[in-house]
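Presented as structure tokens, the chain that follows is alone, the form predicted alone.
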């Protein structure tokens, strides 16, 4: 074969290899069969996800409630267009609940992150009794939130253990009404949340810390880097994705805080500890203004979805860096 013929043959082969291969009849039939088999499940999942959302949007545009005397499918008879959303903008109690939720997140999430990171750094090394302490440390996370709320409700009573411990340090009787004071009640709730969910942050961060390449740490040590330099230049950059995941999980979960708080204070005294979840619960079960509740929930869903998208973009950027 001449050189020209060989070159032409190679070009033809590259063209054939680069061309998109048409699926065979057997592959087409297998694809159609797979679609027919999974279609019922796909329709069911779509219905489960989409129907409640459309129903919520429909109800949010009406004044419907269980006391209206008509079924929810006839809620259109009580149509109010976007009145619920305009009421939402001017609802001071709603914005107060949002503000208190933001305060809880601003305190609890950084505290849980810093404590979890410190504990993860400590548990990354071996020491005597590590397994025992590891099990003890994870126990708060296993407690049902309602039970944790009752525990801290008893701890922060005027004659409870917290005041007894403070009495020992002060040298006199301490009878602070923790759950009756607007400021202290919110602080007590945040202490309970930090106690229960720091172990989750610790667990996630420890998984990321263990995954840091050991050879890079050894190389940095040989080059003279101290512990802080190794932590800031190697550990933190390698843990970017894990840190974003941990923070995103706790921000979203902290936004929905309810069980512990409601058992401890019920949103009181007054509305001093009324977060957005407690506010929605009260409006739903006490005021029965379900159209307005649907508008609140939909607005919150949109905000949390935007936050989730932002977190995913940050994770993608951290992974590419």
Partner chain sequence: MKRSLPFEIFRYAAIFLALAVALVPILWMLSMAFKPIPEWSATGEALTWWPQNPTLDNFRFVFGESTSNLIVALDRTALKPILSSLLSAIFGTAIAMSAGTAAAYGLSRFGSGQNLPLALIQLRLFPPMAVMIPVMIMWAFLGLIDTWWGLALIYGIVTLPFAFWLMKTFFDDMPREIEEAALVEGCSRLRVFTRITLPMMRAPLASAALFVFILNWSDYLIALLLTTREWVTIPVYMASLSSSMTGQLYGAKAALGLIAAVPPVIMGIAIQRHLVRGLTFGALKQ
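Positions refer to the first chain, counted from 1. All values reported here derive from a predicted model rather than from experimental measurement. We call the rigid core whatever largest set of C-alpha positions still superposes within 1.5 Å between the two forms.
There is also a form predicted together with its partner chain; it is not shown, and the following applies to it.
Its partner chain is not drawn, but in the predicted complex it has no heavy atom within 4.5 Å of residue 78. By the criterion of a heavy atom within 4.5 Å, residue 259 is counted among the residues contacting its partner chain in the predicted complex. Interface residue remark: residue 152 is counted as part of the site for its partner chain in the predicted complex, having a heavy atom within 4.5 Å. Put simply, residue 222 is far from its partner chain in the predicted complex: not one heavy atom of it is within 4.5 Å. The three marked residues, 55, 127 and 245, each reach its partner chain in the predicted complex, with a heavy atom inside 4.5 Å.
Contact with its partner chain in the predicted complex, defined as a heavy atom within 4.5 Å, holds for exactly one of 177, 106, 170, 146, namely 146. A heavy atom within 4.5 Å of its partner chain in the predicted complex is found for one listed residue only; from 114, 89, 236, 142, this is 142. Of the stretches 181-189, 81-89, 157-165, 98-106, only 157-165 has residues with a heavy atom within 4.5 Å of its partner chain in the predicted complex. Shown here without its partner chain, the chain has 262, 263, 277 in 260-277 lying with a heavy atom within 4.5 Å of that partner in the predicted complex. Relative to the superposed rigid core, residue 31 undergoes a CA displacement of at least 2 Å between this form and the one not shown.
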